[in-house]
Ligand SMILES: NC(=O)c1ccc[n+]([C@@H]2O[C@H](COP(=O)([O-])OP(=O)(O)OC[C@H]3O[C@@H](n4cnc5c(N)ncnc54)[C@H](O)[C@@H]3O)[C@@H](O)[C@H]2O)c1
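Let's start with one chain on its own, the form predicted on its own, as structure tokens.
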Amino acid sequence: MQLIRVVLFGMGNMGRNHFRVLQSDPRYQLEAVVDPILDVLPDPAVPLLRTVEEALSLDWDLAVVAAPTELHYVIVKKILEHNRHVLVEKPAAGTMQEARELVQIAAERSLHLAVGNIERCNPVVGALRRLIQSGILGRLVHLTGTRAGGFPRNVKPGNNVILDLAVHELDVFRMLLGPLQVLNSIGHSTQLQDIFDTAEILVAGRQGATGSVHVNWLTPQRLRSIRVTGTDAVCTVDYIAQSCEISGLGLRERALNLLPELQWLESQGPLDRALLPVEKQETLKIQLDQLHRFLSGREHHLATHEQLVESVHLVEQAVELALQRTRPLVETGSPVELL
């Protein structure tokens, strides 16, 4: 495939990371950056544009959209209507209807559209999928996801912690459990009025397994983890450390045929403990490689087509349920009596 000419829309935190990895990958050529506020780019040789229209007047192939969440739908729709491929940061749109419209436009124009649900490309998620597929965990019973820390510097109306963080866990749960139903969702607005900064979400898969997601912007340190409970063993994944640990009774004997590559740790009482080796890599670079595979018509792990729509729908359901079920806390002025 020939060199892919890219325009990057947005230079916030994720935009800067996209800028860096695009500059380091020889398969891509960064033609320009669009940002109405920024004054200076890390590389002054890259043109800095102010508007989407200005960018669309140029000749290029692919848009990487890392603009604020509430602008995704409007920007992506305009780019697709000008016949350019798109990778958009999560979520791709604010509603399932908007997401379906974007997918339909891309299909009608034979364009490639993908959403940056980046944990799909985390090597530790690939390790977790291999672990589950081996059968060593037994039947899946419950998944617990925690994604905490990192209060955004600027939070605009229309964004919240479910859109910002829970989208990742819901997408990974969907990969592991298949189609999901959102059973319940509760949000808290502790810092800014009417903007959830903490949330709990309960989901269920069609095979009976359940999942719970906790997200917040308040925890001082960044936490990114998932625990998978099966009938025969438990696995704990740390997205940041890219580690995958498994523990269970009689694990060593069962692993001989199922996962001989496990690295054994010191046992805790009767429990066997082991690490599944993970080749640590920067997830954003893997995503860029997966994007190249997608654009080249090869197999990939990105969320596209119906998976893109479903990712938005799960978030939309969680937000709607949280809005329905969350009530403002009433300050009574009297202490709580503990019995």
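Owing to the predicted nature of the structure, the values given are computational and were not obtained by experimental measurement. Counting begins at 1, following the sequence as shown.
Separately, the form predicted together with the named molecule exists; it is not shown, and the next lines address it.
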Have a look at 36, 26, 44, 297 for me and say which one sits with a heavy atom within 4.5 Å of the named molecule in the predicted complex.
36
Looking at 75, 209, 235, 114, which has any heavy atom no more than 4.5 Å from the named molecule in the predicted complex?
75
Select, from the options 299-307, 272-280, 55-63, 28-36, the stretch whose residues sit within 4.5 angstroms of the named molecule in the predicted complex by heavy atom distance.
28-36
Within 4.5 Å, heavy atoms only: does residue 71 come near the named molecule in the predicted complex?
yes
In the predicted complex, is there a heavy atom of the named molecule that lies within 4.5 Å of any heavy atom of residue 98, even though the partner is absent here?
no
My question is simply whether residue 143 lines the interface with the named molecule in the predicted complex - judged by any non-hydrogen atom within 4.5 Å.
no
May I ask you to check whether residue 137 falls inside a 4.5 Å heavy atom distance of the named molecule in the predicted complex?
no
